[in-house]
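The form predicted alone is given below as one chain in structure tokens.
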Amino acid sequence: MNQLSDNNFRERIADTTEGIVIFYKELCPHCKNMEKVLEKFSAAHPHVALHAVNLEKNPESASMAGAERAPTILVIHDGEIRASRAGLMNFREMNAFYTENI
């Protein structure tokens, strides 16, 4: 997973053809579970870039993306944020969320 920060968030999103971003907090148990779901998702969709942003350390990126709580997942397509969803998802839900929004 590529770590993004306020310094490179806009640029990296603009350069992403197909991707997922997770906004997380270090001590968030739901974030840890969502990371496992994203690892499984990545194995099924190796062409999709995975990015991670620490919500607490990157308030500018969080504000720009509308991420108010962790975990928040973004779907990126052709450099644009296509969808956002907060909360934990299982693999099936993650797959459907991504597929519906690309």
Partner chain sequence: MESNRRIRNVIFIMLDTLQYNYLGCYGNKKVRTPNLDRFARNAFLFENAYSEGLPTVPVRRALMTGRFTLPYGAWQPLAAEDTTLADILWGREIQTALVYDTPPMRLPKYGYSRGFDYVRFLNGQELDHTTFLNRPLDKGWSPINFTSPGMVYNEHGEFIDKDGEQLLEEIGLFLRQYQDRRDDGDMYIARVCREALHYVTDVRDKERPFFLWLDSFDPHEPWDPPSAWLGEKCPYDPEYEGNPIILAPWTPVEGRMTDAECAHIRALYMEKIEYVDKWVGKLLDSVKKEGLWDESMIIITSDHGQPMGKGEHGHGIMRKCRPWPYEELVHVPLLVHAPGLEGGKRIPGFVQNVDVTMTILDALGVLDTKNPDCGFGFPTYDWQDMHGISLMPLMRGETNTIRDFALAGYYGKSWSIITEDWSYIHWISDDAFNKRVRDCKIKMDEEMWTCTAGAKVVVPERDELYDRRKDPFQLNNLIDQHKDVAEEVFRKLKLAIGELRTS
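Positions refer to the first chain, counted from 1. The model shown is predicted, which means the values in this text are computed figures rather than measured ones.
The protein also exists as the form predicted in complex with its partner chain; that form is not presented, and the subsequent description refers to it.
When contacts are judged by a 4.5 Å heavy atom cut-off, Asn33 counts as touching its partner chain in the predicted complex.
At a distance threshold of 4.5 angstroms between non-hydrogen atoms, Glu93 is in contact with its partner chain in the predicted complex.
Looking at Ala83, you'd find every heavy atom of it more than 4.5 angstroms from its partner chain in the predicted complex. Among heavy atoms of Val37, some come within 4.5 Å of its partner chain in the predicted complex. Along 47-69, these residues reach a heavy atom to within 4.5 Å of its partner chain in the predicted complex: Leu55, Glu56, Glu68, Arg69.
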